[in-house]
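Quick setup: one chain, the form predicted on its own, written in structure tokens, and binding and motion questions come after.
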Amino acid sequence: MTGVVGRFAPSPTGALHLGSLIAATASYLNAKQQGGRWLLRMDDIDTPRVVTGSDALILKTLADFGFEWDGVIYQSQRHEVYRHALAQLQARDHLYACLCTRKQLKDRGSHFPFYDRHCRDRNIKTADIHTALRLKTPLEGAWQWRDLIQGEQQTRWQIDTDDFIIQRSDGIFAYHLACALDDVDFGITEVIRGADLLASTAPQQLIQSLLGKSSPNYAHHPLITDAQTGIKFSKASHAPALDTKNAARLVLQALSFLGQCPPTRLEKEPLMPIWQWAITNWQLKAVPKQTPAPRALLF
């Protein structure tokens, strides 16, 4: 085993779909090809959206598709860790309370959907009012980092992002905080995920930096979209659940989408030889930046 640790982080809000399989395949192969570990993380921190039994269904689906993992993490079991990090950020004056609703922000005009820092200097007391907590991002400048697929990236503070929420007004810890801490605490060295999360990288790296932590490497693969509508495969778009009876064919489709060019002889093989070939031949540099043409996915 090497020091490489990857992860796949589904939300237990429903069944996995083809987009999920592509993300899982990319992170799994990039870790396993280097002799590393691969963890599963259930992003179940947003409890109102969690569907009972989805975590078990996700684990069964991944097992049926031949994935082998080295541990399972549940965000819902890490509340004390998130509270401690919040206390640290508050003590260092990195946070402020916010009373604004989405409607109020939209009504105020030109900055929507980015937050306009309306509450940044109001010194609202969180002990008396049910508020959200926002992180103070720099008022100018840019955050630069290199994506292993997409190349050099730059996030301009207050233009490409804003003073984002890290604890919601209902008390739920926000995605950026939980994800940033989880990746650090579990020694994740590489985050391989979909390009829809590209904009999440700078906020998560900022949190890690403010807490004195190092960030993992990041790589964002393209998203598979519906050939007719152009909408990405997701639970919100009602993407069909993965069919475990066609697991081998779907893994080959995921490999093709990721630019790995599996040989045609594998089309007649069961899952194990496909994974053996994929682990041996995986190349992150072959993953395209943009979504391939739909016809490239057909066998």
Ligand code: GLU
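Bear in mind that the values here come from a model prediction, so they are computed numbers and not experimental data. Counting begins at 1, following the sequence as shown.
This next part talks about the form predicted in complex with ligand GLU, which is not shown.
- Only one of 77-85, 159-167, 174-182, 129-137 places residue heavy atoms within 4.5 angstroms of ligand GLU in the predicted complex, namely 174-182.
- The closest heavy atom approach of residue 278 to ligand GLU in the predicted complex falls outside 4.5 Å.
- Ligand GLU in the predicted complex is not approached by residue 32, whose heavy atoms all lie more than 4.5 angstroms from it.
- Not displayed here, ligand GLU is approached by residue 41 to within 4.5 Å at the level of heavy atoms in the predicted complex.
- The closest non-hydrogen atom of residue 197 lies within 4.5 Å of ligand GLU in the predicted complex.
- Although ligand GLU is not shown here, in the predicted complex the stretch 5-37 places heavy atoms of 7, 9, 10, 11 within 4.5 Å of it, in sequence order.
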